[in-house]
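This document starts with one chain, in the form predicted alone, laid out as structure tokens.
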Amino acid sequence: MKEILLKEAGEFAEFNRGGRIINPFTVGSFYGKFIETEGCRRIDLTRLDYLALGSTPEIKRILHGAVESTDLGCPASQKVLKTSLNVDLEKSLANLHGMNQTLVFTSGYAANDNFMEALAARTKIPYLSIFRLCKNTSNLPTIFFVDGESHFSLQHGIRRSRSVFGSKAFTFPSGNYEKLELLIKKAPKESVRVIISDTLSSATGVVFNTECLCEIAAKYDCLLYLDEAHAIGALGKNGAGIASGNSSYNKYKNHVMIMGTLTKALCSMGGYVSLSDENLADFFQFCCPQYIFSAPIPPWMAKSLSGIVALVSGDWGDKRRETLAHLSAYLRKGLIDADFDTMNSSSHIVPVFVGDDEKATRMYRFLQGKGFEVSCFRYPAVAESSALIRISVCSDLEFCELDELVHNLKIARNI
């Protein structure tokens, strides 16, 4: 074992020669919009607090009130005991999406991972036969149709479902729904088929066609799992994300599971999945390992999140979303006018395609020197020769700061 570890360490050192892996900095001070690394204060364009809630007095009052009025302990598993505060949060999230029920987890990663495992585990766990989904499909395989850009947490859950429970998975090129239909047509009809897709690309900012996905799911009697992690709070009516904005959403939502995270625009901890079919929701409560065997988010946090959801889904949140949309459009236009490739982004996630890894690293370092902290995606995070700079726009940025960023990017591409 020691020899294997030493060999792998040597391989990593060779791969990392020349700085291929950019190691994270230790942040001295964190102010939300600004961070301090290496003794330098920079504008943080890597953060995911899209509505810039972290420093707002309204959010701090909600958190302070929850802490002052609630015990800070954490109860047992949600299948042992569930507090009314946790139930209130489930209801507020279900209402946000026009769904009937929500399952809340300690992270979005856990939500994705657990749901993928549960969809395959139904064929192997005897007591689950009490649920209609299992009783009618106990002898049928689970087949996943996965968008190529789906998050690692989904890929991880699907891999375990394949190795432990014998499910199958097919990947279609991101956003290529003709290919998706071809894969579904080739798959056995006698199966439980699940389409997996983001609604908003976390790397390119591209908004996916969720209406088309809903129609395909209904046409071929598939379940549809939509990861709205980067859209919740930031996009859509009331900040509900992208899917519920479809004209035919209510028609198809019985096929749909909406996953959201509480750690980005909602500025807290946790993740969740909302469903319309209550029988299906009951099934997942008994089949998601973390939901059964791990503690939930604590009640004080559930109470604060209910308050945050109410604030973000109302007029106060609308104003921040409007500001975010204006800032994002302004930056995209500035970059396109300067002949940068923004990879068809139409959201607050704005990429600059670079291609070459070393050039992307030089641009990244140059921007740091000019007071901007950005994300640099290189192989293996993205395909070879597909390096990009990702800019996360948040609603507290200034137009003049975006002008300065574009100016420095124009210089950086020529170094």
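A quick note: this is a predicted structure, and the numbers were derived from the prediction, not measured. So that there is no doubt, residue numbering starts at 1 and follows the sequence shown.
The form predicted together with a small molecule exists for this protein as well; it is not shown, and the discussion that follows is about that form.
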Between the options Gly239, Pro296, Gly108, Gly157, which residue brings a heavy atom to within 4.5 Å of the small molecule in the predicted bound form? Gly108
Which residue among Gln78, Ser202, Ser276, Ser313 has a heavy atom within 4.5 angstroms of the small molecule in the predicted bound form? Ser202
Would Gly270 count as touching the small molecule in the predicted bound form under a 4.5 Å heavy atom rule? yes
Interface membership of Ser153, the small molecule in the predicted bound form, 4.5 Å heavy atom rule: yes
I'd like to check something about His97: if you look in the predicted bound form, is any of its heavy atoms closer than or equal to 4.5 Å to a heavy atom of the small molecule? no
Is Lys303 one of the residues lying within 4.5 Å of the small molecule in the predicted bound form, judged by heavy atom distances? no
Heavy atoms, 4.5 Å, the small molecule in the predicted bound form: which of 258-266, 320-328, 276-284, 239-247 makes the cut? Say which one. 258-266
